[in-house]
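Shown next are two forms of a single protein chain, provided one at a time as structure tokens under the names structure 1 and structure 2.
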Structure 1
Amino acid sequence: MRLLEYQAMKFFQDYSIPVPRQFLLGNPEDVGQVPLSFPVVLKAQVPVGGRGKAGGVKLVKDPGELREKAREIFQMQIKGVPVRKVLAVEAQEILQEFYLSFLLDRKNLLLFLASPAGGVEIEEVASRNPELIFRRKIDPFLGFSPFLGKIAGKFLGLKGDLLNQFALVATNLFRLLREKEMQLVEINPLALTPGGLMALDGKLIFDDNARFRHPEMPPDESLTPLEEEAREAGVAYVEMDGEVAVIGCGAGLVLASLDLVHHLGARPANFLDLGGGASSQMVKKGLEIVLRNPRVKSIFMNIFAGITRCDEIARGIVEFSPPIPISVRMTGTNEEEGIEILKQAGYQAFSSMEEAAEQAVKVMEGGI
């Protein structure tokens, strides 16, 4: 999960990383109670980069302008994401912008990156001026040493007390990555202001697999209510904008099923992976979730059974008895029993994936 900037800022505060005074606007009416001194920077809270360039970061100098610009930002969509919250922060005088991050990396395990070319996306610096990036592999068992922070600080051109400040920010940021099990912790820009170094933007990516160890982690605001519910039920579900609900066991199989639906000229309504060995209970939960999406007109279920049992899946379908057409492909463990149960109950069942998908698309074209 990628945290929103305001959520990242809270973690920075918990880890003693300096941030500007700020106030979160949950809707345009909150502008009346902003307890900050002007000028203020208004920032769209969306989990995408490049908000500045897209017009989602605006400097305002008085309450009138704040009201006007906040309303504008609340009406924006940035890279397709609607703005639901706006963060107001006290504007800082920026003398220089730096980049600082730690990330998990398949090749290097843990990587430490710093650059004096902050404020622009690091990928851009990497392609144009790779020599401006300080890169070091971090041994996960030894951890990060403040001494390495000072070496990086020198690379950034810092001296004296600022060098210590930088090493401290880097040490705290690394601690945040380890203790909160983040995949990426990034400050860009880490700004040099007349008062010292300050994090003016934060990007944190939390490893969702570690969620059970972190009740303090906020919910993922980019999930739809249905996706949130599916996650709690232990079902991998992603909402899409088509009409054919797709359910399968195994993520790769579900992806192939989505492609097949597309190939047949229809559009999938969702991705739903029941996982291996799903019970009839799980099947019912999966059907219930996909049907809560009002756009769904037919269901394509693709079961390639290894540890999964076709008869168990078929029982789930029959007990749930979906109110719209369902077309099932079943092959593997207890295939005959499964297909028999479905046919007895009057459902369409196939052992070929193409045939089952064609049927799911056909009933929809028939206007059912």
Structure 2
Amino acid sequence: MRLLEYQAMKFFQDYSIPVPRQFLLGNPEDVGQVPLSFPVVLKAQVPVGGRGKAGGVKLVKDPGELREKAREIFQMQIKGVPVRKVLAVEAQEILQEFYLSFLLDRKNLLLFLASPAGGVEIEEVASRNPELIFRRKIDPFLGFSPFLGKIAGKFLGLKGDLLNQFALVATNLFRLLREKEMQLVEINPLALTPGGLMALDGKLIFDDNARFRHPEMPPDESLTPLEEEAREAGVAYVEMDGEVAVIGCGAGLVLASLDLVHHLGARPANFLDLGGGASSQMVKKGLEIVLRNPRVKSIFMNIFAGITRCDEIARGIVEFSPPIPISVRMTGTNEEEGIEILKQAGYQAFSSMEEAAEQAVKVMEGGI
């Protein structure tokens, strides 16, 4: 679960990480209650990136401008996600920006990153200037040492009291990751202001598997209404911004399908994993969900059946009868029965995922 910025800021406060004064707006009328000093930064609270480029971050200098700009942001959709909350934050004088994070990593298990190039995506820094990234593997049994925080702080060019403050911020951020069982804790930027270091933005990703141990965690506001509906139906669904709907059985297979669609020059419209042993009813529910996205022009269904039965998948497709082209790769348990069911209904099934994906991309582009 990815927390929204205002939720991350609350956790930073709880763990003694300095943040600017702020106020959460639930609607445009709340601007009259903002107890902050101007200038103020208004920031759309959405679980997607690129809000600044989309106009979802605005600097305002007086109450009149605050009212006007807040109304504009509340009327926005950023990458298809409507803005329901806006965070008002007192603007700060920024002398320098840093990056700081801890994350779970497949290769290193637990990684500590810091950089003097804050305020931009860390992936961009890694690509263009990898020498600007301080990187250390953390032993989860030994934990994080403030001494390592000072080593990183020196790498950033900090000295004296600022070096000690950075080490304390890093230590508290690690405590947050460990105690709240986060997968990622990130401050970007960690700004140097006339008053010291301050977290101006943050990203926290919580491990949903640990929710039963953390009743204090806030509800998941990162899901779109359709994603929430899919979760309640037992389907793993993530909306994306493409035109080819992707459905499969097994997360790894679906991820490979997304990569293949992208490799062929198209953009996936979603990730949808029906799970093992999917019934025909689950197939119909999955098709209904992906077709609620008006951008979808074709469907790529990739089935490698083990527990799942190809004949059940085929019955679900035929009974639903998608109104747009569907390209099916089907192999595994009851493969012949499933292919025959599709064939009698006028659908073609491929044994190769590459061929099926190519077909889905061609029909999406109007090539067939």
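Worth saying up front: this structure is predicted, and the values here are computed from it rather than measured. All residue numbers here refer to structure 1's sequence, counted from 1. Just so we're on the same page, rigid core means the largest C-alpha set that superposes within 1.5 Å between forms.
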The chain seen in the form predicted on its own is the one numbered 2
Assign each C-alpha to whichever of the two rigid parts fits it better between the two structures, then report whether Y99 and F144 share a part.
yes
Enter the domain rotation angle in ° for the smaller rigid part relative to the larger one between the two structures.
38
Core-superposed CA shift of T308 between the two structures, in Å, is 10.4
